[in-house]
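Heads up, the chain below is alone and in the form predicted alone; it's given as structure tokens.
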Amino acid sequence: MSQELVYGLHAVQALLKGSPQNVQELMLLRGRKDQRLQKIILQAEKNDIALSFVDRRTLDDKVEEGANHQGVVALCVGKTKVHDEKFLLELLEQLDQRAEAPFLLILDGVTDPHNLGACLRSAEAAGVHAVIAPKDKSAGLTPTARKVACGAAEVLPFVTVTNLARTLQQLQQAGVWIFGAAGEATQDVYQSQLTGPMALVMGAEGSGLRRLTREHCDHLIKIPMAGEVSSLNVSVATGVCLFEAVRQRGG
């Protein structure tokens, strides 16, 4: 049976809250006794999860080089749940039944797990229903992405699709408006109407949206830039656009 590592205080705490049955063992930094770690220990004990207290080097060896595990690493059974196109269509049906306007984030070619994690964190905080990404040439839910997401990866559905252009068409057929962020757009994000059923599409840093993705957008929007810097980090730009939508949608 495959194992997966989850590390970092927020990510592990969210995992214990949402899917404690997947945690096989918790490895904790010996001698650390702060309140946040104690909460994790209590959650683990409540769910009869094995605890082991180890030195920092043992934890360092478990995670990627340079990663900050914050003194806690969870050994999990199986892989993080990643959803598919069928889940997305079912989600749209559920939202329609609840008379709730879909609010989606689509990442087109974001390959850096740090950026993926930061986008997940912003999306979860903004109330996004799901994050969508192509299966190929995109970052997956690696331990680094989950750590940076600070628990968002454990609660926010992450959907990977085989053909992003086809998925965009399916969303449009379901009444979802597609807003693509592009530096050359003439429409300002603050002048756009982001109140209805919508999906925000963010492209890779440098190259931006792919041509086919751009062609399937209903509107292209941009963040006005006042300084000399020509663009923002994709996760920062995602946060700006998402929370402008939140503001317009009444929080």
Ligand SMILES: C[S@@+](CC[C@H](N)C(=O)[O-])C[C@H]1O[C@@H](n2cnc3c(N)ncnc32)[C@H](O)[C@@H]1O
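In this text, all values refer to a predicted model and were calculated from it rather than measured experimentally. Each residue number is its position in the shown sequence, starting from 1.
Another form exists, predicted together with the named molecule; not displayed. Remarks below refer to it.
The partner is not drawn, yet in the model of the complex one stretch among 47-55, 23-31, 62-70, 196-204 has residues with heavy atoms inside 4.5 Å of the named molecule: 196-204. For residue 181, a non-hydrogen atom is located within 4.5 Å of the named molecule in the model of the complex, even though that partner is not displayed. Remark: residue 11 does not count among the residues lining the named molecule in the model of the complex, judged by a heavy atom distance of 4.5 Å or less.
Not displayed here, the named molecule is approached by residue 222 to within 4.5 Å at the level of heavy atoms in the model of the complex. Using a 4.5 angstroms limit between non-hydrogen atoms, residue 237 touches the named molecule in the model of the complex. If you take 146-175 and check each residue for a heavy atom within 4.5 Å of the named molecule in the model of the complex, you get nothing at all.
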